[in-house]
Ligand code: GTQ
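Okay, here we've got a single chain as C-alpha cells, the form predicted on its own, with questions on binding and movement later.
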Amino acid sequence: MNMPIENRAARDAYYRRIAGRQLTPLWEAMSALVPERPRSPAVPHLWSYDAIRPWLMESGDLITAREAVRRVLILENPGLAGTSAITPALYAGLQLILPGEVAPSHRHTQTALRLIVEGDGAYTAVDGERVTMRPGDFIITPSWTWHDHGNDTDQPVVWLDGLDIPLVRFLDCGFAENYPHETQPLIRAEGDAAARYGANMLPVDHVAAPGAAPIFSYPYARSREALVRLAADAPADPWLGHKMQYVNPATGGPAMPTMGTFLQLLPAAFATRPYRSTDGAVFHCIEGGGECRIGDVTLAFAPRDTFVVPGWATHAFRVRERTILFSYSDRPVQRALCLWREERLA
C-alpha cells in the first residue's frame, strides 16, 4: 500500500528533527540490520600469482624490507575497496623478502599466519625460536609474540600473509610494538616447540590455556602425507573432497582462536556438490588446478593462485588433476559465538 504524501512528509520532518539528537528510527533500517540471510559485501575474486609476481618483485627495487617493515602487496577484495580486507573479517597479502634481508622484529595483537608460496630456506623467528620455511608450510605468529623474518638464501622468498586485522579493528583492540633491535635473541634451538608439542605428547607440567597453538610450524610434507594417505584409504566427501583442519595439539581446538585453517585434497577429475557456509574463506592452490564456481562467477585457478569465497556464497569445485588447497576463515570466532552455519546442497 502506498503511503499518502502528507504522511511521508511528516515522517521525513520527524526524522530530521530527531537526527539532531543522534537518534534514528529502527524501522527504517530493520531489513539491513536484521537480514533474512547473510549478504556479504565481499565478492568472489582471484589473484593470479603469475600476474602479480612481477609487481611484487618490482616492489623489491623500490623499498627495502627494513624501510617497509613488511614489504607486502595487499589482496583487497573489490567489494571492500579502501578497507585493506579480503573478507569483512580477514586480511590477506603477499610478502616478499629478498636475499640477505631481514624484516625487523615486532609484535602486535593481531594473529598472523604464513603460507609459504615461493622459495626455500628463509626463516621466521617467534618468541626466541627460528623455523626454516619451505613451500606449502603453514606457520603461525600468535597474538603479541615477537617475530621477525630473514632470508639467508640466494633466492627471493614469498609467502601469503593472513591476519585477523579487520576483526581486531572492528573490536578496537589493536596494539603494536617494535623490538629495540632488528632481530630478537634466540633462546631455543630450532625444532624445540615441535619436540615438546608436535609428537602426540605434551610436557608433563603443561597447562592448556586459551590462544594459539604452542607449536608455530606445520610442515607441508607431513600434512600432505596425511591427506594423501587419507585419500588412498577413504572415499571423498561429495561436498569437500578430503578436507582436514589444522589444530592446536594441546587442546584439539583450532590452531588459532580467530582463524580456522584447512588443507583439502580433491582427487583427479573430481567435482564437488554445491556447498556454502557463513564463514568467508580465502583459498590458496598449492598443487593442481581447476575451477571454483561461486554463484554465477567461475574462477579458474592454478598453483600459487589465491581466491576468495564470500560468506554464504554457494560454490563448487571441479578439478582436472589431483589438487591440494589451503584455506583460512573466521570459523572459530563464528563457532565460539554459536553463529556458524553450513548447507550442503544437492
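Keep in mind that this is a model prediction, so the values were computed, not measured. Each residue number is its position in the shown sequence, starting from 1.
Beyond what is shown, the protein has a form predicted in complex with 2,5-dihydroxybenzoic acid (GTQ); the following relates to that form.
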Handout entry: Whether Leu240, Ala268 and Thr323 all lie within 4.5 angstroms of 2,5-dihydroxybenzoic acid (GTQ) in the model of the complex by heavy atom
Key = no
Practice task
Indicate whether 2,5-dihydroxybenzoic acid (GTQ) has at least one heavy atom within 4.5 Å of a heavy atom of Gln95 in the model of the complex.
Solution key: yes
Problem - is_contact(Tyr91, 2,5-dihydroxybenzoic acid (GTQ)) in the model of the complex, heavy atom dist at most 4.5 Å - result: yes
Exercise for the section: Evaluate Arg70 for contact with 2,5-dihydroxybenzoic acid (GTQ) in the model of the complex, applying a 4.5 angstroms cut-off between non-hydrogen atoms, and reply yes or no. Expected result: yes
Practice task
Give a yes/no on whether Leu163 approaches 2,5-dihydroxybenzoic acid (GTQ) to within 4.5 Å in the model of the complex, heavy atoms considered.
Solution key: yes
Exercise for the section: With 2,5-dihydroxybenzoic acid (GTQ) left out of view, choose which of Arg130, Arg169, His108, Arg134 has a non-hydrogen atom within 4.5 angstroms of it in the model of the complex. Expected result: His108
Practice task
From the candidate stretches 144-152, 188-196, 255-263, 211-219, select the single one in contact with 2,5-dihydroxybenzoic acid (GTQ) in the model of the complex, where contact means a heavy atom within 4.5 Å.
Solution key: 144-152
